[in-house]
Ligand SMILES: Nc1ncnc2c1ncn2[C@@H]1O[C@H](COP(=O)(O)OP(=O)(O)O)[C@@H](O)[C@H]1O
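This document opens with one chain alone, in structure tokens, the form predicted on its own.
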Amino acid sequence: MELIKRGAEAKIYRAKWMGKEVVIKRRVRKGYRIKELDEEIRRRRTKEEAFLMAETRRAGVSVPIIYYIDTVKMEIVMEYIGGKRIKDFIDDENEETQKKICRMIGESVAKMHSHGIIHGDLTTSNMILADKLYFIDFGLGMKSFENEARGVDMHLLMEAFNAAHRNEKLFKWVFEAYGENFDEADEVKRKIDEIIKRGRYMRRVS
């Protein structure tokens, strides 16, 4: 197996499995936790992530196919997507292509949110464009129909665009498509504005 990413919660490997090219996500042990508690937390999160990915696929949004879940090794074996991360190339595209990609993102997130799926780490690093747009890494995700959770999801995406990309219109295009495909988008926008105000207040207090 080839280690391709090492995160705080998991290691990501590229490998061969049953003749298929796959990605294996293995949740790592936390030494500061009691062994039995650590195993239970990692097992639960492994199952929850797999469940959320299956729910996302049912909602009509593309995610890697899950081939196998190992609750002993705390692994998810999934399809390898051979495209490009949005983060790595969107800045090099013309505005017409950028807008098309952003609208795809907005439509997909609208589908997730309308089905109560909160990604939890919505950044352009976790989106891959291949034959279609794929979303990856649901390790921080959850099920919720609360607009507060949706607002946090979209605020994180807004911050990701502002921090990592040059064109200031990108998130605007995402939210336009989101609003056209999700009836509660206005309430989500109000939640985003509240989160921004809370952040400003906390910075002033600190």
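Fair warning: this is a prediction, and the values are worked out from it, not measured in the lab. In this text, residue numbers run from 1 along the sequence as written.
This next part talks about the form predicted together with this ligand, which is not shown.
**Student:** Pick from 96 to 104, 68 to 76, 110 to 118, 81 to 89: which stretch has a heavy atom within 4.5 Å of this ligand in the model of the complex?
**Tutor:** After filtering at 4.5 Å, what remains is 81 to 89.
**Student:** Is D153 a contact residue for this ligand in the model of the complex, using a 4.5 Å heavy atom cut-off?
**Tutor:** Judged by the heavy-atom cut-off of 4.5 Å, D153 is well away from this ligand in the model of the complex.
**Student:** Given that the partner is absent here, does K191 sit within 4.5 Å of this ligand in the model of the complex, heavy atoms only?
**Tutor:** Heavy-atom contact with this ligand at 4.5 Å: absent for K191.
**Student:** Could you confirm whether V23 comes within 4.5 Å of this ligand in the model of the complex, counting heavy atoms only?
**Tutor:** It does: once this ligand is placed as it appears in the model of the complex, V23 has a heavy atom within 4.5 Å of it.
**Student:** With the partner left out of view, is I12 within 4.5 angstroms of this ligand in the model of the complex by any non-hydrogen atom?
**Tutor:** Output for I12 is yes: heavy atoms within 4.5 Å of this ligand.
**Student:** Which of the residues spanning 130 to 144 lie within 4.5 Å of this ligand in the model of the complex, based on heavy atoms?
**Tutor:** I136, D137 sit within 4.5 Å of the partner.
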